[in-house]
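Have a look below at one chain only, the form predicted on its own, in structure tokens format.
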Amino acid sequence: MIEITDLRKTYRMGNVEVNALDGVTLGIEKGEFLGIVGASGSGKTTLLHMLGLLDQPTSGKIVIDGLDVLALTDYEKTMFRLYKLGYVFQDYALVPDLTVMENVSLPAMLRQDRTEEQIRKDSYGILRKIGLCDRRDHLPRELSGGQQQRVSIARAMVNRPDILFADEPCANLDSENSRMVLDLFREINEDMKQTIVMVSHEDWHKDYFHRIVQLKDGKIVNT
């Protein structure tokens, strides 16, 4: 599903070049729950941002479902992200003045192929799956951290993306809520055959992944 070839990202800091990614080559299968792990500064979030088309690599190739996504125009990348990709971030990134239902509906409202009735149906359906229908009219500040992250997952899933990217989604959660979020990811992966690529820093998270890719200094050292 995803083929990454010799992916590199170099940042210049004054006269010094820093290789955040240093020749990463990797394949990710459809329906796989892949964990990307490594110490701080190893390049794992940089890799996730490249795969999710949130940043541009210095060189290399990313092919998703046979499409060379780095060759797309900025507009085409925006549409590809909207229709094909979903994102879950560690800080939830919910709009504070919108209700749970409105936050979940946002990505679907940006698409041009959904009626208002379909948007409501899809949003309600994913909220029911994560167990938060009774909170649909609440604002994010009225929810716990774990509930906010579940809303973030629902928002990422409302467009039924081909690939779900998660950047340390449990970083701000306690162990109980972290396990609840990971159980939800596992359920989504198994029931919906959802491809998930997740960055993690916790050793116990590995029990949830089908496969683990370990990065060090921008290189894959174990897979």
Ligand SMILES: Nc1ncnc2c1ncn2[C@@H]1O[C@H](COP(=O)(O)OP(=O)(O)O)[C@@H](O)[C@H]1O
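For every residue, the number given is its place in the sequence shown, counted from 1. What you are looking at is a predicted structure, and each value in this text was computed from that prediction instead of being measured.
From this point on, the text means the form predicted together with the named molecule, which you will not see here.
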request  = State yes or no: in the predicted complex, is some non-hydrogen atom of residue 20 no more than 4.5 angstroms from a non-hydrogen atom of the named molecule?
outcome  = yes
inquiry  = Does any part of residue 171 reach within 4.5 Å of the named molecule in the predicted complex? Heavy atoms only, please.
reply    = no
request  = Answer for residue 11 alone: is it within 4.5 Å of the named molecule in the predicted complex, judged on heavy atom distances?
outcome  = yes
task = Classify residue 44 as contacting or not contacting the named molecule in the predicted complex by the rule of any non-hydrogen atom within 4.5 angstroms, answering yes or no.
result = yes
task = From the candidate stretches 36 to 44, 65 to 73, 176 to 184, 23 to 31, select the single one in contact with the named molecule in the predicted complex, where contact means a heavy atom within 4.5 Å.
result = 36 to 44
